[in-house]
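A single chain comes next, written as structure tokens; it is the form predicted on its own.
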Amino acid sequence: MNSYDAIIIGAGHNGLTTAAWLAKAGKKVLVLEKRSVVGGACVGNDAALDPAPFSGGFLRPDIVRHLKLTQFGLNPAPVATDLISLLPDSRQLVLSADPVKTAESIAQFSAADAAKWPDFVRFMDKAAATLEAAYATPIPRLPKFSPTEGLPLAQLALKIRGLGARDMYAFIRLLPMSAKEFLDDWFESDALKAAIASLGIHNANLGVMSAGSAYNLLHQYLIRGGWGQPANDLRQVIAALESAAKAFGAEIRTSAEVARVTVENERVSGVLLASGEQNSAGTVLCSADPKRTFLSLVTPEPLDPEFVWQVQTLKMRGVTAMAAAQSAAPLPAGTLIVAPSLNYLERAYDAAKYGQISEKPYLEITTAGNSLSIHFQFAPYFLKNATWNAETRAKLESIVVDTLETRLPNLKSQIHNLKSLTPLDLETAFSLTEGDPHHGQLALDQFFFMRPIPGYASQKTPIAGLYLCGSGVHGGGGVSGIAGRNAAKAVLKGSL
């Protein structure tokens, strides 16, 4: 039996961030990855051609600095891309990092909205910075906690107060609002509101009229660093993290499936691999989602029945499918979306409510030369009167091509090598329960103090020495590394 200071389950971006952070602190670290490649949801089965659950994102700047990732091949600052709304009348609405370019594009639809744009971006940047501060704040276990544990919350409250009365009120008010309500307060153009609101339903089982979709909008704006997906290759992100972790001394093993987290006297003792091999550690960090962690990897005996029930009732409810394809002709550079109106987006969500694949979906297409990465909503994990099989996959792919053809004429004859991932594929290939890339919906009852469940937002679990470091915890969701960083800090604070 090999012994380590910490064992990390899963070599996705969060697992690798945790591993590199702990190894840099001098800890003996082992990373175990079920798949034959590292990268998790950032990398397809064939890194060059297959779709992956995530098509964009970037690590937070403090992670890049602390782990010195630029020395391991990571671009220091991912370039923001334009978010380009493809409208039915062949017009395009462009949301760019360049405020002048954006204002000119918005002016096609509303001069008043173009005038408001700079103030809106100013508020979004301040709100995103506040949300990032909240994600970096350790969340104590409520309702009882010591004054020392409460100090970070007091510091966060001061930061929120520092927004000023107007922006503080707007930030707090935003969190429970629907994307439509939030944007109705700012703009009059339906095309503009729909383009922005698309971020509010991205990877979420929500419509633009659902409470909490404005919070998801702000979350997406933060982890993207703007409107479009960052123009960086997630394979490069993973390669840099892997190289850094190894350089700091971490051991990374692929094709090493963990069968069980071993527990002795209510404290973690290590892991048992599917091969029968055992490895011991006083600390185990799991980057799998909470349901998979506590209902599959940990036997229920050491867990309180109330805690198990809360885990069982976590809302996963994936509604996302992905596709990748090649085009014979170059495509417009940027992040292209099919989101022409608020009603269009809400009707796309209506399909999910009834267990159907949306016939007129919200699409987000990330382009890189002749390659397309296509995000499809809504395609619910639980279909009514159907299952995910060859027939439903064919239907999904047909809708993708037909929808793109309406916005990019002649694409149907140029597209080839189309491959898709259904929600069931996301579960079976990437261990995403119910096909949810966020490891649990970013809903009002599953965020901040209540993520993943009330009382356990600090990465700690009821089992001493077992931590969560995946997207299902506070600050998680998408590619940012926040959850992995926070978990590593929590472990080091506990004097591993």
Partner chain sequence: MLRTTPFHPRTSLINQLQNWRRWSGYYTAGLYEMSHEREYWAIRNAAALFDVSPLMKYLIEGPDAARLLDRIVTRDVQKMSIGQVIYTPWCNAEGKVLDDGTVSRLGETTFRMTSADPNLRWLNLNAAGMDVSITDISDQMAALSLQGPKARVILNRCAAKSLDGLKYFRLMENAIAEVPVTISRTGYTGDLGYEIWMEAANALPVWDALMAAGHDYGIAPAGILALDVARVEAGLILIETDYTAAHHALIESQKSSPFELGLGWAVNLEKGPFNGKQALVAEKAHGSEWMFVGLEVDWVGMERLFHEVGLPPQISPLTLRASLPVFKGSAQVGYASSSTWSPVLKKYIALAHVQKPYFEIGTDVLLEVTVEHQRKYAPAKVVKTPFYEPEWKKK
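None of the values given here were measured: they were computed from a predicted structure. Numbering follows the first chain given and starts at 1.
Here the subject shifts to the form predicted together with the partner chain, a form of this protein not shown in this document.
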{"query": "Candidate from 371, 236, 299, 417 lying within 4.5 Å of the partner chain in the predicted complex - any heavy atom", "finding": "299"}
{"query": "Contact residue in the predicted complex, chosen from 391, 119, 89, 304 - any heavy atom within 4.5 Å of the partner chain", "finding": "304"}
{"query": "Option from 309 to 317, 212 to 220, 243 to 251, 129 to 137 whose residues, in the predicted complex, bring a heavy atom within 4.5 Å of the partner chain", "finding": "309 to 317"}
{"query": "4.5 Å heavy atom contact, residue 266 and the partner chain in the predicted complex", "finding": "yes"}
